[in-house]
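The chain that follows stands alone, in the form predicted on its own, written as structure tokens.
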């Protein structure tokens, strides 16, 4: 059940996809929480289960091939008992009242997430009218207010424009305006800066931080970009092949990483003053149909041992920092992360 200040709590989440080739365990026994007012960063390579986890929070797993096999997702509600989102019908009225109003999402591709045949204003108005008893005129006014709030100039003109008339950065701002139009308590941002240049990326990150403070909301920010995580997150969970391998405060992850995968991610990032070829992680994320026994990262790990053929337990390093690695079992102290990263 939820602890004090927890807004969302995910327990033992499993999301499987049934394909002609076999079962894909996209998310496997994942547990985490998002605290009121914080930004939780979700980090990992492509194919590690980050986006599937985000969609599962809103019970948006595509059916019939996708299925939430197990788990609970508790949502805190003011003055009411916490609600298990996964207990609701995926297309029922109750989950419809939660999506957009309590929890909202900015999808990964702003170029394709907006409906090309409807104006930007109409798409914002649709969200507003769905969750609020307001007239069309009031919804239009709200749409212009949101466009102005996310930094789009001349909102009275922009409200009637179509997605193809917006640049990539403006489309992303419009997506954020739609997601925030009903003042959600949690915003899930699924790699919202991936397709943007660094200048626009910086503006979007600054915008999200400002909106988080002014609207008193929490953010679940999904990315594979370490620089973005370092700038925006308070806590971080690191995912690999559908599992969480490390979690901690952002300073723990960046200055004292413990899992070999996290260390390798940090080694591969570009840094000021570092010359020569960038480091890389050998190999790739394993095929979901050919997962190795035990620790999924072991085939790419410099510290792999025979015992890695068995799945390691999650070890508490500090109350806020855990890692799932055999290096910490039996009294081990793990990697000398500072030496490894530097």
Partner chain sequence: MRQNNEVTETSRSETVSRTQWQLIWRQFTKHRLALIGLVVLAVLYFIGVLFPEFFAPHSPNERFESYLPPQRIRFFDADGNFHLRPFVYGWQEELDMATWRTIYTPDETEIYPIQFFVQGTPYRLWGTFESGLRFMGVEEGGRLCLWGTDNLGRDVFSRTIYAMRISLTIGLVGVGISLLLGLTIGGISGLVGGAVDNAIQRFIEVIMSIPTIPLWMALAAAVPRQWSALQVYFAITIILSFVGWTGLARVVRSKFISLREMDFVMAAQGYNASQTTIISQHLVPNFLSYVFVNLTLAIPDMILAETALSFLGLGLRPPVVSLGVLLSRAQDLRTVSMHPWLLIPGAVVVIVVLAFNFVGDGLRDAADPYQLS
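What you are looking at is a predicted structure, and each value in this text was computed from that prediction instead of being measured. Residue numbers count along the first chain shown, from 1.
We do not show the form predicted in complex with the partner chain, though everything after this point is about it.
- Taking a 4.5 Å heavy atom cutoff to the partner chain in the predicted complex, the contact residue among 217, 265, 144, 244 is 265.
- Interface residue among 77, 149, 224, 72, judged by heavy atoms within 4.5 Å of the partner chain in the predicted complex: 224.
- Looking at 26 to 34, 307 to 315, 42 to 50, 291 to 299, the stretch with residues near the partner chain in the predicted complex, meaning non-hydrogen atoms within 4.5 angstroms, turns out to be 42 to 50.
- The candidate spot formed by 194, 201 and 285 lies fully in contact with the partner chain in the predicted complex, as each residue has a heavy atom within 4.5 Å of it.
- In the predicted complex, none of the heavy atoms of residue 212 sits within 4.5 Å of a heavy atom of the partner chain.
- When the partner chain is considered in the predicted complex, residue 168 lies well away from it, no heavy atom lying within 4.5 Å.
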